[in-house]
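One protein chain, two forms: both are listed below as structure tokens, the first as structure 1 and the second as structure 2.
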Structure 1
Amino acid sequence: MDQQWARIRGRLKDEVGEIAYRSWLQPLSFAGIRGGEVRIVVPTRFMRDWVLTHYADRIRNLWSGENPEVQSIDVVVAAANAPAALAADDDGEDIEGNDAAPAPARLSSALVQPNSYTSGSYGAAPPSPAFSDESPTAVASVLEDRTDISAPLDPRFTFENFVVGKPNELAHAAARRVADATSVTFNPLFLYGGVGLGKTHLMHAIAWQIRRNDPNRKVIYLSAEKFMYQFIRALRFKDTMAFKQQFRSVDVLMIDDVQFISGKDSTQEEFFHTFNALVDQNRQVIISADKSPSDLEGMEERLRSRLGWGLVADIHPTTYELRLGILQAKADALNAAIPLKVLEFLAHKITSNVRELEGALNRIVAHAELVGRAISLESTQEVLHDLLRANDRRVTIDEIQKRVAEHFNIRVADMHSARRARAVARPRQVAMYLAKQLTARSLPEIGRKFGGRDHTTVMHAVKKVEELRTTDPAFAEDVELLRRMLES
């Protein structure tokens, strides 16, 4: 298995290039395979999230190529020093998912060799319910991440590699303008759009371009999540002056996925002051989010209005033409001979987002290479049958939430709310479970659709529902009924 892992690492290095490989993939270690699931260990929570969003599909595909039994991968944070409070067990009584951190004892099975983990499948220990998300104690597991505050940029995410079409032309033009401007024109630039439509790609492209135009300009790019953790760390180490200094001395500040700090009041407060200080000094601020400023629930009103002061540009869902253009560009970049009718087929069938489209293309290319056969429509349908089925069904998470809420006689709003009473939390878990089963959405995406919950919450919901289906026949029947209704 170690040899297989070594081969996979080699492939990844060739695909993503030296810089991204060193930043994101070299630190990964392989911990074993159990029940068709490969376990990968990463040093920090931030890195886990990045790997999950950007590389998990590819790593899984490469593993399946090496070992056909492999179905999924599991990325966990190694945390030898995780405080005991974080690894507290949950007996399943408390049914909100963020409390699902399994006990270290359960994790230190024969398969799981290195150290201990701050959580089970998919991740670092989420804060226990007693802590708020922003509690310094609760996020101790990320405090070991003492790297540069700016996140590394993905070398693939440049303007040259960004395909422009109707849905993203405004966002692209605005991004270009800001990247090439010699003075600040719109401040902030606010880019927003649905999952996997290219926000991060555009943010990185701006950063690359600014650095290229003037290497002396100090550009900081980071996710809102990392901003929060930096802030918490500063509080914990009583280092807030240095924190403020660090952020307020930049020429360009770029914050990705700002919706993450919704509901996190002290981080918002700090962000608001940082933002104002920079805008006042005429420094460029660039923000991305999944919603427009006015739709950012849980964000203070003064911050929402401030975010909308500059230029707000949205990225719309892709059109067939854009999807085909992206597929052609990616196929060229992979140097893969793919018949046009296969690309057209994919552009018709996979409509959810660009990330999934890319994943599909990578899968068929990897498969063809492995079996040594040319790519055809038939092989594409065969290799992607799961994905195509999920896209065919086209059940949306909104529909699932509506149906499940009706069935259990609760309000749809409770699917997003923080209420933890069993009467609403259980249906919410059922809806998360069905979202995982019936849509092609990833765990983080599902979490976001349920009031911005963490992906570990979704994982916990899926496990809990699976468990209850085996122990409670009436419950199993309910779930089955809902599934049939949604599929029909």
Structure 2
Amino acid sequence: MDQQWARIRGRLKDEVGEIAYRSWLQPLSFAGIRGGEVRIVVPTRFMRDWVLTHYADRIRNLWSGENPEVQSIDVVVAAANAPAALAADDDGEDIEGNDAAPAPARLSSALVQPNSYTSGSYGAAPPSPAFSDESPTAVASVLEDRTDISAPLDPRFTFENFVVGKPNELAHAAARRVADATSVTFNPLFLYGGVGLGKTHLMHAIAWQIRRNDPNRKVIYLSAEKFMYQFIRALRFKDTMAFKQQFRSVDVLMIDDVQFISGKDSTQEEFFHTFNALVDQNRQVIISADKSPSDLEGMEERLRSRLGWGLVADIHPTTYELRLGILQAKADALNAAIPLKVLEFLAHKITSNVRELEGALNRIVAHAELVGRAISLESTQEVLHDLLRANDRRVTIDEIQKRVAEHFNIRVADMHSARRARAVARPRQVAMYLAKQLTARSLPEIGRKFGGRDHTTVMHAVKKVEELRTTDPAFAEDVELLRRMLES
């Protein structure tokens, strides 16, 4: 029997490949044969279900080829310390095992290891017998990590506190739909956008809403980095089956910043199989990243394809109106009296991301409380001088030249040329003016970027534009439009 089982395992390994074999078939053990039925033991219920679904027919066919008496197979879940050969069904008939097996034991409920561990909605995983060879300290450490597998949720990040605008309305609507749905709607839901635009806020909000609607649903929310960390620990302690069962038995799996596993082939392989297992079971998967699935470099093509299966919702950079709305909501939450002109100034000047915007507001409120000064435009500029300079530096002279040239329908090369025709000279002066207003470059530096002109030429351009803005409303409107476009 052992020789037959060894040949069958070798055939299976050749057919399914090394990775699938190690994950699903290597842990199988032959328990015995009775009445044309082969009994195979697996460590977990999840593994039993997977083997029955994907490999049972093939194993039966291979056994029949080796032994024509075999008509069926029975896959059972047994504890790690159960005897290799299980015997004595209810009718008292013996199971024929191998010679090296221990004395036949009765197959009782004590040997069956169902998925009996309990967990909360952000649940824990069971202890695994595979840790028995490790030191008690190592075992305790791993089990402690297991119980804290899901990242903590920020109570501020709820749907009620999420300010909706045109840049994020699709992502918000999709997140609400998934959070409130009683069945899987979009699988996976893939949210992507730049830093500080609200991806993590929406992820937390979904988890909070699911917990509120149905506390019994098992949800795991964690970063891709922590997923990789847990996988590495499972490999280290030879406990990959418990890892698989933990992640593949949830109702909702939420992975934040999935781009972190780019280039990490082993973690991608495991995540790919976890993703497929959950989707096959109609469990919800929610992913966030900084790029769309098709743009994730270092990801396997098959994984990128899976991530784009469901609904892909992007979060665009914020508009001025959305930034102002966020600031007003944040000011109300802080119960702070902040002049509207200060909020408008912040929304106008800090355009990179919402996180930086909220940080700026916290700074000026804290400064007012600690120093005892009323919040004003002047105090705001003083407190945030470093942040404002950093944002100013993000606009480059090259960008200004390109945007102004497009607006006035001239070539960028004309910005550096010696041409003095008004159709070219006036846009060039506007570009110099904006470079002075929106960057931290000195006058000589600006002059050099415009064909090596002297700093006095830049001073003249700035003065001329300021004069025209006061006398020509249409010109002033053009300049203001260009400023807004460059700062947005």
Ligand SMILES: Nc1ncnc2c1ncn2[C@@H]1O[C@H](COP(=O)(O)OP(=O)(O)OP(=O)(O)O)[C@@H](O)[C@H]1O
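Residue indices: 1-based, along structure 1. What you see is a predicted model; the values in this text were computed from it and never measured. Under this definition, the rigid core comprises the largest set of C-alpha atoms superposing within 1.5 Å between the forms.
Colleague: Since only one of the two is the form predicted alone, can you say which one?
Modeller: Pick structure 2 here.
Colleague: Please say whether, between the two structures, the C-alpha of Q401 moves by 2 Å or more once the core is aligned.
Modeller: It does shift by 2 Å or more.
Colleague: Superposing on the rigid core, is the CA of A418 displaced by 2 Å or more between the two structures?
Modeller: Result for A418: yes, a 2 Å-plus shift.
Colleague: Rigid core fitted, is the C-alpha displacement of S249 between the two structures 2 Å or more?
Modeller: After core superposition, the C-alpha of S249 moves less than 2 Å between the two structures.
Colleague: Determine, in Å, the CA shift of K449 between the two structures after the rigid core is used for superposition.
Modeller: Its C-alpha shift, to one decimal, is 26.2 Å.
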